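Below you'll find only one chain, the form predicted alone, shown as structure tokens.
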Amino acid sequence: MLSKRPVAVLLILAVLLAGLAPGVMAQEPIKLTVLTHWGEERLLVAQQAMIDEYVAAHPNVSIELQTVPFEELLTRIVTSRTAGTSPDIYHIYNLWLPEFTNGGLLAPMPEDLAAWVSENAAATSVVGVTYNDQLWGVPTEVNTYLLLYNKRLLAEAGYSEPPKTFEELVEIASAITKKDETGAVTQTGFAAITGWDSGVVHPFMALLYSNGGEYFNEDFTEVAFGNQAGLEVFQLYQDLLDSGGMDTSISGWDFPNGTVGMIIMANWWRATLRASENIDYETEVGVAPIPVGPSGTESSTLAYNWLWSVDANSPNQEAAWDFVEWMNTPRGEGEPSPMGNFLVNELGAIPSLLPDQAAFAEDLGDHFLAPFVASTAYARQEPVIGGSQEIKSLLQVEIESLFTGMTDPQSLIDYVVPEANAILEEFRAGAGG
């Protein structure tokens, strides 16, 4: 049994602790988990350095970094949610916003942070992280697609300038392709990256927009690529295959190996190209606008975003948003944010936040990135519509079937368009809209 004196002491301590509750709570240990698809060793090191810096200034916070390959990221997010093991912070692709927000997966942004993003991010990136008139995270890199070409291979084929039209693309590509004495293709004029939805569908959308086409109709109730403009893009692929300008035995991933003349690709590939020993980044890698199709009048392209978001089930949402905000806040006047530094120096990407773009103006002005930065002014943001991811996967499979001769342009349209429209209708019905 306790004596009266120890009991009194305990009561006094309880009162004091109650009075100190806010301060004590602020120092309670908090563990955050962060999930990204940046799993390469050098990227892990750079991400861990950011985490270590934040933790050093916030000793009550510990942060566990989890990474998975991009192709596993969506599955990991869904399965961890189902298992009740969701991370606190996600780095996500903006096309997933409709399903994630309608499913209650994401926490709303703090209003002050959302307002700051609206004022300090590029306009196309603000659109990219908005769904149902609400911002859902802090945009990281903005990516657009342009035509990459190997200057040396074009010159060897007799061309000093990249193609400006679909017709020129077919002509130059066929001139670049080479075969060995057995008939095997050893060098292809144009290549695509298959087995990856964005690698197949994003270049298609860039070509579609440059041919005056649309991906969706105005109210997003139907796909709009089943018309002449869409057919001409699918026919472009067929013409490339028929002319020998494209051969699926060589992948677009081989562009850094110097065996591909041209590919439509995003700016985030810069780090890979700079590291390649088989193509000289400075003298051989060229960047040009997307060729214009017969129904188009000017080059256009596609833009998409990634963003930091917080899980709605996180017990530490305030701390999670604080870490996200810290990563994206400039260190000082004219200085980049920690995330901006990571994006530019580790990924070679274009940061979405204007203070980072200003801080890295010289780096973003090199011969490779400058055209991509310029394209953000006219690029069209990938529509963030419910059902888009499913349609994208469907279209990927059918375009790959076209590449392998399993279908033809008109049959592709006849199959994909009604299937895609059914997906849109199903999503609207499920969302109650």
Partner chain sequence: MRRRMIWGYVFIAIPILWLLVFSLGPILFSGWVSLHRWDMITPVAEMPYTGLENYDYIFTRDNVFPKALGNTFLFAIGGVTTNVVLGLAFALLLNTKIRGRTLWRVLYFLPVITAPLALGVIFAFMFNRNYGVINNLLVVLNLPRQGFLNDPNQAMFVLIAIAVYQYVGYYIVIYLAGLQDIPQDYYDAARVDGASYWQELWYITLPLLRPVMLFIIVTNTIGALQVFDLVFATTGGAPANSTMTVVLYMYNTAFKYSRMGRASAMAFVLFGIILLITIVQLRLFRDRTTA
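Just so we're clear, the structure is a prediction, and the values are computed from it rather than from any experiment. Numbering follows the first chain given and starts at 1.
Quick note: we don't show the form predicted in complex with its partner chain, though the next part is all about it.
Worksheet item: Which residue, T283, T297, N278, T82, has a heavy atom that falls within 4.5 Å of its partner chain in the model of the complex?
Response: By the 4.5 Å criterion, the partner-contacting residue is T82.
Worksheet item: Of these, E325, D239, E99, E232, which has a heavy atom no more than 4.5 Å from its partner chain in the model of the complex?
Response: It is E99.
Item to complete: Assess the spot marked by G103, Q389 and E419: is its partner chain within 4.5 Å of a heavy atom from every one of these residues in the model of the complex?
Response: All three within 4.5 Å in the model of the complex.
Discussion item. At 4.5 Å between heavy atoms, is A155 in contact with its partner chain in the model of the complex?
Written reply: Contact check for A155: no, nothing within 4.5 Å of its partner chain in the model of the complex.
Worksheet item: Closest heavy atom of G183 to its partner chain in the model of the complex, within 4.5 Å or not?
Response: Yes, G183 lies within 4.5 Å of its partner chain in the model of the complex.
Item to complete: Indicate whether its partner chain has at least one heavy atom within 4.5 Å of a heavy atom of T248 in the model of the complex.
Response: Yes - in the model of the complex, heavy atoms of T248 and its partner chain come within 4.5 Å of each other.
Practice prompt. Classify T75 as contacting or not contacting its partner chain in the model of the complex by the rule of any non-hydrogen atom within 4.5 angstroms, answering yes or no.
Written response: So T75 counts as contacting its partner chain.
Worksheet item: Going by heavy atoms within 4.5 Å, which of 143 to 151, 183 to 191, 358 to 366, 214 to 222 lines up against its partner chain in the model of the complex?
Response: The contacting stretch is 183 to 191.
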